[in-house]
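Quick heads-up: it's one chain on its own, the form predicted alone, in structure tokens.
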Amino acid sequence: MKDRELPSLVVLVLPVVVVALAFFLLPLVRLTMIAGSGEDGLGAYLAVVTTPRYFESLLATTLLSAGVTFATLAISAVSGLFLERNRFPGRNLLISLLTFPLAFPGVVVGFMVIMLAGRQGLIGDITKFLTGDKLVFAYSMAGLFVGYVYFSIPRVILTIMAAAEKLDPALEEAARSLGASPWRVTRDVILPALKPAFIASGAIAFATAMGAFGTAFTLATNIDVLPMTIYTEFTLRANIAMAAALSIVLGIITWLVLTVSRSLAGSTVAAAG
């Protein structure tokens, strides 16, 4: 490298280093120190898996996020492929409606779930009319699942549509010419080609569900997910060290999922949202 290029390189790299230190490394170091400053010291991290309340909250959050991810991928794969390969009146409006939840904060999504499946919700009114019993599930894990899927779909469907647009039609035509059925073409040609998009967007959906707070806060009647547990420890119990330890554990799990997905998906697909 020539000496005259060194100042230019420093000018380009310095902002990245400053941002990484100020907004990533230093806050994480501080949070880690706080987690070890309580009565239990570094045992706070061990308490995450040895204390039933914390462990159950962690397990419920992980399972919920995994379920949301798979459901979102299934819905978005079918919808994304259909919308990308078909042109019809109102298509652009439908895509806009499917991506509209990106503009909503979690509290608004939670309120919409209440309007759908709450005590005065539409589903409750319909089920009461049909069966005499009102179905209410907004204030449970089922309601949270619906809310998370709702705001995860835009993040996944945009990525899948972008990947589907780049598929080579010649590969599908070749498979059909060899006698492959539509199902075989989908299974052996389309889905493998979309695998990087599934992995990348699925990881984003999982990470978003793991850390989502606003929707859970709005629906938190019978819900005990990790963001709510962290909030409770910090605000109601003043257990700042435990809240910090739970935050670090949540961050590590999310980081591991994103790292593994990045290595599996490669750099061919950029996650939307």
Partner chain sequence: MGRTRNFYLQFGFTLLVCSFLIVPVIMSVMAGITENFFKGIASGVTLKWVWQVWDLYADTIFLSMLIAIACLACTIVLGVPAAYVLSKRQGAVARAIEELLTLPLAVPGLAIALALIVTYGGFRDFRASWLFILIGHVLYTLPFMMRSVLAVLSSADFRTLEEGAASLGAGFWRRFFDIVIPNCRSGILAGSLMVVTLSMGEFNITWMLHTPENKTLPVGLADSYASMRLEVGSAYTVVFLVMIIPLLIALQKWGQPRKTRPVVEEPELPSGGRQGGKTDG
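Residue numbers count along the first chain shown, from 1. Predicted, not measured: the structure shown is a model, and the values here were computed from it. Think of the rigid core as the biggest set of C-alphas that the two forms share within 1.5 Å after superposition.
In what follows, reference is made to the form predicted in complex with the partner chain, a form of this protein that is not presented.
Contact check for V13, T208 and F217: all three have a heavy atom within 4.5 Å of the partner chain in the predicted bound form. Contact check for R237: no non-hydrogen atom falls within 4.5 Å of the partner chain in the predicted bound form. Using a 4.5 angstroms limit between non-hydrogen atoms, L26 touches the partner chain in the predicted bound form. In the predicted bound form, no heavy atom of F198 sits within 4.5 Å of the partner chain.
The partner chain is not drawn, but in the predicted bound form it has no heavy atom within 4.5 Å of F129. None of A180, L116, A142, I190 but one reaches within 4.5 angstroms of the partner chain in the predicted bound form through a heavy atom, and that residue is L116. Put simply, of V136, L194, V185, L98 only one has a heavy atom within 4.5 Å of the partner chain in the predicted bound form, and it is L98. For the partner-free chain shown, I75, V78, S79, F82, L83, N86, R87, F88, L94, S96, L97, L98, T99, F100, P101 of 70-101 come within 4.5 angstroms of the partner chain in the predicted bound form, judged by any non-hydrogen atom. Once both forms are fitted on their rigid core, the CA atom of I252 lies less than 2 Å apart between this form and the one not shown. Core-superposed comparison between this form and the one not shown: CA of P89 displaced by 2 Å or more.
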